[in-house]
Ligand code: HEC
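As a starting point, one isolated chain is supplied in structure tokens, in the form predicted alone.
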Amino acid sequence: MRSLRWAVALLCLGVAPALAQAGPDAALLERGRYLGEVVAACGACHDRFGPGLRPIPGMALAGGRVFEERGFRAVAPNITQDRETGIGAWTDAQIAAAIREGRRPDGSLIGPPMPVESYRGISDRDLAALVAWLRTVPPVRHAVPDRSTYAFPLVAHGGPVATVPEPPANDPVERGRYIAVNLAHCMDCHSAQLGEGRADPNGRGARGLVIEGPWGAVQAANISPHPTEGIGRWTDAQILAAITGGVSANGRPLAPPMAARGPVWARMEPADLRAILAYLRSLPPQER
């Protein structure tokens, strides 16, 4: 019965029939946990935080973090399985639509900093894996008032996503693009900005988003292969140390939020890190 239920759920998410027949096996669930806890680092926004942005034990993904940026103030929602204050009453298809299309069950749109444009490229299988993982998140009763406000109108980034295939496993650059752009959404920050919380796809790697917080205002660095403005002269080891250790090529600690991402991304699979490196090396040098 459990396999049948998940087969139907996966079909509703647009996953290929062969995968749906397999059901949410241990590998799919582990993939979802890896993506949610490590690569996409959902807790970086959706955990409940105390002083010094330290996660509060027992409040994982319970929401409440406030983001005040130029043009908007957003409050991260509770995405635990609590049926009243979280997403426990949502269907699998509704959770999938929120992730990949930025649309709540009531039809309202989800605004920045939720990286909807990036998440639209998440493959069907990885989307199913994320939904399967979210279903295992313990419910936390924590009401988060929706007090998000935007100085610009929220617009849908396209219609429903029909299907997204897996990136080719034998192409490290394309695999790295998928991880850095779609899953880890690095380029939402490390790209030239179009405004209204949108990154310029033609300016990937350029000096980008200005991120404000208790640390002040920090602009995302140029991570293109430009020899002076970017990381073109960094060694592979130095780039990986920045990603997984939060330190610059000269040993200087990176500013938040990168400083907090290091311990999380240090758990990333070596093959994924190598793919990200290959993708970053392939970017056109950006002077900005």
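When you see a residue number, it is the position in the sequence shown, counting from 1. Given the structure is predicted, the values throughout are model-derived calculations rather than measurements.
Another form, the form predicted in complex with ligand HEC, is not on view; read the next lines as being about it.
Shown alone here, residue 276 lies within 4.5 Å of ligand HEC in the predicted bound form, counting heavy atoms only. In the predicted bound form, ligand HEC stays beyond 4.5 Å of every heavy atom belonging to residue 62. Mapping the unseen interface onto this chain, residue 186 counts among the residues with a heavy atom inside 4.5 Å of ligand HEC in the predicted bound form.
Not displayed here, ligand HEC is kept clear of residue 93 by more than 4.5 Å at the level of heavy atoms in the predicted bound form. Out of the listed residues 137, 199, 132, 99, 99 is the one that sits within 4.5 Å of ligand HEC in the predicted bound form by at least one heavy atom. Site annotation in the predicted bound form: the residue of 161, 218, 173, 192 reaching within 4.5 Å of ligand HEC with a heavy atom is 218.
Along 58-89, these residues reach a heavy atom to within 4.5 Å of ligand HEC in the predicted bound form: 67, 74, 75, 76, 77, 79, 87.
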